[in-house]
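Following this are structure 1 and structure 2, which are two forms of one protein chain, each written alone as structure tokens.
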Structure 1
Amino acid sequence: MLPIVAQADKFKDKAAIYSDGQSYSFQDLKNKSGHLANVILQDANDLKEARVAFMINPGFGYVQTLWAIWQAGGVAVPLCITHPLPSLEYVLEDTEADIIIISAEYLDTLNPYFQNKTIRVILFESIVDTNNITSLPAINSTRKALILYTSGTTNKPKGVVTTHENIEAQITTLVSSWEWSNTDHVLCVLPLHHVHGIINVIGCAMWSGASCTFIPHFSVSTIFDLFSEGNINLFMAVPTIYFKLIAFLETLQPENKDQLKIVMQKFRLMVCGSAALPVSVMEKWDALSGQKLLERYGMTELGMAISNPYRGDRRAGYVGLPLPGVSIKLVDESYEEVNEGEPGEIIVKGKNVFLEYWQKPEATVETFTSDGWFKTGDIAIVEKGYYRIMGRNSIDIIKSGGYKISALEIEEVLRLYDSIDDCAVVGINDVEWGELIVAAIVVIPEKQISFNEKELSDWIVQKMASYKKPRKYLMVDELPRNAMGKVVKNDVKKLFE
């Protein structure tokens, strides 16, 4: 039995998940995911790593489906529930998914795809609610388990493949370091097509017998309503979310603010990551909630790698120390270790490190050193024993709202717009979003009069996720270029100052 499913046997009737106004025990999760695994398998004994996509709202159904795909021997491909058709099609085609499990509410979005492709569609609502399970295959821990899409320095996102063993290593290092237990209760507010929500929240909670409450959509007032009920004691989010929670708290009357502070002071732990946590946000949160945020550093390819200590000094502006089982080195451009106190690229080794980029053997080889260290592209320095992230070695990677976004991917889409001749996308510093996506555009002269920014903005969200859309456009006659004719992105940034 898969270790994560076997864990459920330890906690049987204890509440695992609260969603849609209902509570589900670990036994429910094991039984209902086992039954769904049988449905997915039909007459087969083992899916043998067939890719199974799923588009299900955060909640019990999501975790049931994820566990079902794993128990059937498939590779789970979670689709983002807010992505438009072209982004979903890209993932479905790239993974060559032959099965999709989908909630009825997303059928309309994907119907055009289903018209043209042979894919088995399992309607989630059609699954009979029973605990009957027939035999399930034995799954070796080295088998592929999950494909998550990440933007990189290529224009199309790459599928990051992790094995069951990788996932177990990513979960267990956090369970021990952050002292998860079956008395914990975490609130999940994160999207479920990325590691932050999948590993740090759901994975750790289900592994340790903790409870997890889901909300269907991100909502600041719902978060505080749930905090006020007094059952939740763990929270994990990106810096933008803490920024939004602070903004809300600051609008409250002093007595309401104080009440919420009393509630939040009782939390066991609040964690922040996926992007740099501004010191100002950490300090304001401490003042408003009485909680010193634990900042950690991670990546889709790694899960989490570096973390401030659960017990000990949580240092503002620093991501802490390597997690147990994760080896870290800082290296120069020749992949030689830098001297103590000098900045270098973070490279990582450990069981937590992913297997490969899906069907991209060259990209996989390129991203590892010859002796097997994963090159993160992030630059860090060690000061008084703690790692501090200084930036990335590619200006074309933008982090906005905790999402990693490729400037090149957005540029490629913008160039398809009929009035745009050329463009350059960059991220500019922003205290709320980390970086704000902006675009300098060269509009074809004869189309300048009819050009309308709102129309462009409406058009782009039909092509790509709305969190990837530029928030500001600047019309320029030409893009700043160097003597070689290459666009100078730092000069593009200056145009927006």
Structure 2
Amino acid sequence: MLPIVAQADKFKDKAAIYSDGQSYSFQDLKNKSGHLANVILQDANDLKEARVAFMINPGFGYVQTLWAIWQAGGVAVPLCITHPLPSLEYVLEDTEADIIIISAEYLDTLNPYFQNKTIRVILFESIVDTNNITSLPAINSTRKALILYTSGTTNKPKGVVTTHENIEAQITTLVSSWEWSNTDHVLCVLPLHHVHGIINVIGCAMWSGASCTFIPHFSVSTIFDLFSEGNINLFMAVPTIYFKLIAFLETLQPENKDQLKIVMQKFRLMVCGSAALPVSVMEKWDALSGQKLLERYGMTELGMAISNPYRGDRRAGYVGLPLPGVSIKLVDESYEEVNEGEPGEIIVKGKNVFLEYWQKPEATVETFTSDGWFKTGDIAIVEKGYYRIMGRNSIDIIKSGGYKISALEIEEVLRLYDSIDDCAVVGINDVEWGELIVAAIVVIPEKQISFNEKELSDWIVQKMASYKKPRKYLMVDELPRNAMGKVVKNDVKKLFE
């Protein structure tokens, strides 16, 4: 039996999932996922790593389907429920999925694909609700378990293949480091085709016997209503969600704001990740909620690798320390370890590191060093023992006028300017400079008329070296982002073309 399914036996009648107005126990999850595994298997004894795509709303049905695919011996391929047909087709074609499990509401989206393909379609709503389970295959921990796709912020998305052993390593290090227990209750508001939602929220909760509540659609008022009920003590989100929660809180009357702060102060833990967290947002959230966000660093290929401590100093602007079982080095362009205090590319080793890019052997080889370290492409520096991310090697490190400049550092300074709500800094090709530093800025609506670019330029050189200042600004209504709220820097660059 898979370890994560075996864990359910420890908690049986305890509530595992709250969704669609219902409560489901760990026993329900084990029984119903086992039955669905039999449905998927049909007459086969073992799927033998066949890819099974699924397009199911967040909730009990999602987790049931994920566990069922694993128990049937398949490789789970979660599809984003908000992606357009071409994006979905790309994943289905790339993984060569043999089976898809789909909710009725998404049939219209994928029907054009089904017309021309031989793929077995299982309508989720047609599954007979029973706990009957016949024999299921024995699954080795080294088997492929999951294919998630990279954000595609710098190139075409790649399928990241993780094994059951990888997933167990990713989950257990977080359960230990963040002190998960069966008394925890987490609210899931994250997309479930990314590691943040699947591993950090669902995986950790189900492993530790915690409860997980799902909401059908993202709603700030619903989130605060659930907070106010007093059952939830754990929350994880991306910076854009915290932006929205802060904006809502700032519209409230002082007494209502204070009431919510009292509620949130009782939370055991609040986490932020998947994109850089502006220090100003962390400080504002601390003031409004009484919670100092725990920022961490991870990616699709790793799960989580670095984290601020659960007990100890959580430093704003830093992602913390390597997690147990995860080895980290900072290296130069020759993959030699840099001296202490110097920036370098993060490379990682550990059982948490993925197996391969799906059907891309050359890309897989290229992303590992000769002695097996995974090259993240992210640049960091260690300051007083804590890692600070400076940006992506190819996107956030701008080579201008002979200098290597961190775009994230410039963005942090720009956000301090009283007229700027958000920003994204990139480098664009330039004959004179190599790369010209430019910034797309979202100006606070009521300050757009009075905004003066020269005043901003004069202000920023008082805050940082003049060679780091943007040479051009572009006012935009919003920044281009992907489903996880990450700014797509290549799309920002296109704004300047």
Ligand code: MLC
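All values reported here derive from a predicted model rather than from experimental measurement. Between two forms, the rigid core is defined as the largest C-alpha subset superposing within 1.5 Å. Residue positions are counted from 1 along structure 1's sequence.
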Answer check: the form predicted in complex with the named molecule matches structure 1
Choose from Ser394, Leu249, Thr82, Leu41 the one placed at the hinge of the motion between structures 1 and 2, with one rigid part turning against the other.
Ser394
What is the turn angle of the smaller rigid part between structures 1 and 2, given in degrees?
144
With the two forms matched on the core, what distance in Å separates the two CA positions of Val426 between structures 1 and 2?
6.3
Following alignment on the rigid core, what Cα displacement (Å) is computed for Lys447 between structures 1 and 2?
34.6
